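Encoded as structure tokens, the following chain is the form predicted alone, with no partner shown.
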Amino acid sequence: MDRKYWEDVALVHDEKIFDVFSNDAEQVIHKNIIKYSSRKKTAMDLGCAIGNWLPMLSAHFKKVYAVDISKHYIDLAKKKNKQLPNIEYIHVDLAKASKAITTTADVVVCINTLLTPNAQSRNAAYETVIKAVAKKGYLVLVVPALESALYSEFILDLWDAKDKAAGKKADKVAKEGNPFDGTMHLDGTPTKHYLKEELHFMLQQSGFEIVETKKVKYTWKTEFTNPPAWLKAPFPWDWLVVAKRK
């Protein structure tokens, strides 16, 4: 959770950050948030960035807390959603937020936020996330899937082999990273990826019950430039886990 990194990224958000909100074609995340929403409940978006999810959250919850490490992101989210009266913005580093976030929410949304390869910072941020969930509340957690990253590498090798067999130049470059600790590079940036069983274990150890586990599926264009026509389903994905605090 490097504040300077995210302040810099916020200045070029559209170029650097994958837009989960627009690319979730089946609206898996949207549907699972709505399922646990209520105008009597509060929600918290941890890692709100430019605030794409805030209009939907504002419409379905009594109050929404929008939290981000980047002051520039907070300013952009405020400007973009200035018409929404029930949102409170909090500028804080989740890895250092144990005392900064003084409230809990009935539904906590955390979408591709726990990404840093630094285990100490990531674990500290994770503790903030789970503590933000009210008793008997729900966590909607979305993270990159390690299984999907490895599957994409398999597809890349297959694509390379097909090109070689067809006499084409085969120069596909595999992603860098260490699958044993879940760190794979996305656009050159080391990024934590998660196994499904790893997520379940983490959350169960933290006193949560696993309610839903879904794939947030994307097209192959999110993985490769000009993917070949023969490349069909199964598609790459992120993991979505809904967990209830006991």
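Since the model is a prediction, treat every value here as computed from it, not as a measurement. Heads up: residue numbers just count along the shown sequence, starting at 1.
The protein also exists as the form predicted together with a small molecule; that form is not presented, and the subsequent description refers to it.
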query: The unique member of Glu153, Asp93, Glu147, Asp163 whose heavy atoms fall within 4.5 Å of the small molecule in the predicted bound form; finding: Asp93
query: Candidate from Leu139, Ile111, Ile87, Ala77 lying within 4.5 Å of the small molecule in the predicted bound form - any heavy atom; finding: Ile111
query: The small molecule in the predicted bound form: contacting segment from 36-44, 209-217, 193-201, 61-69, heavy atom within 4.5 Å; finding: 61-69
query: 4.5 Å heavy atom contact with the small molecule in the predicted bound form for all of Trp159, Met184 and Phe235; finding: no
query: 4.5 Å heavy atom contact, Ile130 and the small molecule in the predicted bound form; finding: no
query: The small molecule contact in the predicted bound form: Leu115, any heavy atom under 4.5 Å; finding: yes
